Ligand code: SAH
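The form predicted alone is given below as one chain in structure tokens.
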């Protein structure tokens, strides 16, 4: 049996919810949903709401809530990805998509010393849409928050409350005294990955002054988007999120 179609709404405060905008257009025009269709509504609270379409109008449909429950696919530990925005829009979308699938809670974009790309409101809205679509595809209850910081320092300071702060850079040596930062992780994590130009030594020193530990991703130089996915995957594994998914009775499926 196929999964019920999933839709994001701003908030759910009653037993009747109105679906409008792009979500309505997708439900009505693409999926051809009609009165009696069973769907799942998401409000980014971590809860999921079973609903039945009760009426369909020209620009909206009404959904009657018949039950709610706490979603079981959200990671128990918060992971934030701080990613240096790159020029290629497809690469930024790739990072957002894969980080969402891996369970990242927030994706903070920033510009650094060697960055040559810029972010505007349209680009940010596009990435938020990618995050929502990816969250629905992988059956998450929440879509990651997408934020933008104009400087590396402001992005680093935004994660000051995280228990682990990891800063990936190619000139950090994994055999240094603090080179085991990826082992035995516990608690919330902030992961920093640079853009195409990488980081300067001054930026690394800034990160260390704010409590970040350097981490190495091996001897090979990785593209920014590869490094982001690789680091997020390793951290999720070390935090036990992959094991937690299996123990809950949910078995991931490969989806095209």
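Numbering follows the first chain given and starts at 1. Computed from a predicted model, the values in this text were never measured in an experiment.
This protein has a second form, the form predicted together with the named molecule, left out of what is shown; the following refers to that one.
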item: Contact residue in the predicted complex, from 42, 215, 207, 33 (heavy atom within 4.5 Å of the named molecule); value: 215
item: 56, 65, 230, 222 - the one with a heavy atom within 4.5 Å of the named molecule in the predicted complex; value: 222
item: Among 192-200, 33-41, 66-74, 47-55, the region lying within 4.5 Å of the named molecule in the predicted complex by heavy atom distance; value: 192-200
item: Proximity of residue 169 to the named molecule in the predicted complex, heavy atoms at 4.5 Å; value: yes
